[in-house]
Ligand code: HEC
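Just the one chain here, laid out as structure tokens, in the form predicted on its own.
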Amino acid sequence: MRRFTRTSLVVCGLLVLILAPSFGAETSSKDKSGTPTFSEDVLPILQRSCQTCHRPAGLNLGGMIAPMPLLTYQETRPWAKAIARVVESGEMPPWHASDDYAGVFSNERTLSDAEIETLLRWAKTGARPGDPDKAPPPLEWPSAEWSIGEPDLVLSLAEPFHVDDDLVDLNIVLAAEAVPVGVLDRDRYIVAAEYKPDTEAVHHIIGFAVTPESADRPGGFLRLPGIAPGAEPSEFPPGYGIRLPKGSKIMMQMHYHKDPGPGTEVYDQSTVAFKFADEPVQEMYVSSVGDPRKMYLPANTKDHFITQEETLAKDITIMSLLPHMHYRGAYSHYVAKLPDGTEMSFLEVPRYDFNWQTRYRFKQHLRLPAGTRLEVTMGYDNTAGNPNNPDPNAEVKWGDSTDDEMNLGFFYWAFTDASDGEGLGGRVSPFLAREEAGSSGSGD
């Protein structure tokens, strides 16, 4: 499993300190000297904001696994200065939406100013243990193998795939194991999905279903949930699900990326788990604003922006957003221009990080009427000043390799009026220009 990434969130340097959302009242008690202590001040913050990942069998974010537990003073004390460093720098928690959207998304990963100050003061004043009798009781964590709970269907790649020593970057579609008889004897609706990359060579995975209804269509598949570095498992809002048609065969688009060299070969057999709805739900879809023909970056260019637009054919409800670029990506902005002339900004990411493929989930779903113009702007840094840039002297076009680029503004959505989607099946587009073609406009 991946424990650090190309951006060098490295253990013993800038460690990968994954901080989950912060909830609850802040702690302000101090020891007799007035300085924060672990038992009374730091541990409550860790319990609310860190231990979801920093514990044995902690949350797996697309292959990103917290490198150490932070459950006890003995486990946490050696990392005090590193914790202070990444919190103060803003690298952690890994949340990249602008502060202007604070409180808009349900999976917001942030610490308050007071919590940050507590962690900094604790590290700078000797990282004192405090009185263990005043510490909150340990949290009880679920023992389930899957963070989404007990799945209804678990599949691995049908055969281990050999990633050889010389391989650097490869996108390949591989078959998953055969679905057990009876599981897909009717349409099922996926309400949660979780992938487990089997090796560190896995960059991302996208699930696809080849179905009887899609076999004769261009593309020949239905897009299913996927996973990428830093991404949470997919769990959809109550009452919605992604349709997995009767008789589907599951495929996985595997993106392998690694440094080449002797002894780097691996055999990968990654796994996916699905949970299905027990009751009827409304179908939801994944689409994107983005056109490969517009993807071009001049060499040695900073602040290069590409804006793309689409017009909605029907009233839709958007549940979540996921901007997608590669290593040169630096900025993303989603805007809706409503038919009455109103302009609405609903996500800005001023510091995009390819290694944290966050899906921003709305607390209150965004309803947009037919005729709304969706506008997505992506900004890029193709200079040597971008430490992740593979080659600032390259003129960059669209491509599947991480050294190429993309400009996709994904969104998860449903028809506001469920009857608008009845009987359509297949890949559904919300856009006027693509309505008849039936393309979802999706890709990774």
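The structure presented is a predicted model; accordingly, all values stated were derived computationally and were not measured. In this text, residue numbers run from 1 along the sequence as written.
Another form exists, predicted together with this ligand; not displayed. Remarks below refer to it.
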Item checked: 4.5 angstroms heavy atom contact with this ligand in the model of the complex for Arg85 -> yes
Notebook entry, point to check: Is Leu43 one of the residues lying within 4.5 Å of this ligand in the model of the complex, judged by heavy atom distances?
Noted result: no
Notebook entry, point to check: Taking heavy atoms only, is Pro392 within 4.5 angstroms of this ligand in the model of the complex?
Noted result: no
Check: Does Arg223 make contact with this ligand in the model of the complex, using a 4.5 Å heavy atom cut-off?
Finding: no
Next item on the list: Spot the stretch among 256-264, 76-84, 281-289, 368-376 with residues whose non-hydrogen atoms come within 4.5 Å of this ligand in the model of the complex.
Entry: 76-84
Check: Which of these residues, Val396, Ala414, Leu70, Leu408, gets a heavy atom within 4.5 Å of this ligand in the model of the complex?
Finding: Leu70
Check: With this ligand left out of view, which of Arg109, Lys275, Arg243, His324 would have a heavy atom within 4.5 Å of it in the model of the complex?
Finding: Arg109
Notebook entry, point to check: Does this ligand come within 4.5 Å of a heavy atom in each of Leu184, Ser248 and Met251 in the model of the complex?
Noted result: no
